[in-house]
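Here we start with a single chain on its own, the form predicted alone, put down as structure tokens.
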């Protein structure tokens, strides 16, 4: 197995790393290099969770085989480098879907486990790790739910070592298309009430992050159910050829776009039939869409706060709207209690995610949002963060010290540390 030095970045293109990478294609090759450094996937984490500066890392993108599928039990065994969207593409026509899917189909199974990702059905289905029945580490250890090391691995940011393969419990049902109902909400309270009252399997909301005053928090709620029927396949392959100029996401343009986007849905709402990809992975239809934020890249802030903290969501949206820094991409979802790991992000409450082009004032705004989140008893999402400091972590993840102790015992030489775990000092046991 050869190592090649390269420079690579997270999806937000704010942070980059230079280091040696290996790309194993077989389990035997992975075992040979497993102790050299942490695993990385398709680098869809926005900040530095997928970066390893001045050290070795293992690129798992070639470990992408489907090993077996038991149709009777709906248990799927796959290598860690398989993209989740590929599983949906292959198995949806057969009547099966991954139980939980994040907002991009390019995320790998190993990445989904390391982040314990959530989807548009978290309020009902919980997190990705709750549907993982077995994990095989590159070291040969086999982990199952109930084991301490399983809980340290799921949501554990790759700190227990590279994942070789995993077994997933798939959902069974009619999954040819998505039946999607879109409804407008004129303000934040109306929006949150729609989320709270929804009985749909899948829900996600777009927020107009530029709206102020009485319209603060207005947006569009999408409610989805799987179904069977004929619909044209999702269109893919469009590409952003170059970095967009700075004025493309200036405040006046974003406000105008958001006005039009909000009004594209009739006041009485509407129901549509969509390809599965268009509902679950809407941004994947445009390759390299991160270039729309320009060559300096962008940040995403995502947090979750308890259900009783509507005031925190209001305060954050007000800060964002009055800053003039918001982009058109802002998402609000309702989360349930489901989480599978010590360091898993989900908690019952509301999760807000907003993109910000990298420009003066952005880091200061996100620092303010992190403080609001922490004061409300919430937490930030490691897959999106590029701004937080180690001091911000205190109290956000109550099991952090126990997790760190177990991880440090498993990896005493800290070979699996990433730029993010170092920046946030996550493996400290004193917190």
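Positions refer to the first chain, counted from 1. The structure presented is a predicted model; accordingly, all values stated were derived computationally and were not measured.
Same protein, other form: the form predicted together with a small molecule, not shown, and the subject of what follows.
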| query | finding |
| --- | --- |
| Option from 68-76, 175-183, 283-291, 265-273 whose residues, in the predicted bound form, bring a heavy atom within 4.5 Å of the small molecule | 283-291 |
| Residue contact check: residue 43 to the small molecule in the predicted bound form, 4.5 Å heavy atom | yes |
| 4.5 Å heavy atom contact, residue 381 and the small molecule in the predicted bound form | yes |
| Close approach of residue 349 to the small molecule in the predicted bound form, 4.5 Å, heavy atom | no |
| Interface membership of residue 103, the small molecule in the predicted bound form, 4.5 Å heavy atom rule | yes |
| Partner-contacting position among 207, 115, 320, 303 - heavy atom within 4.5 Å of the small molecule in the predicted bound form | 115 |
| Listed residue that, although the small molecule is not shown, lies within 4.5 Å of it in the predicted bound form (heavy atoms), from 126, 161, 98, 297 | 161 |
| Three-residue site 11, 39 and 157 fully in contact with the small molecule in the predicted bound form at 4.5 Å by heavy atom | yes |
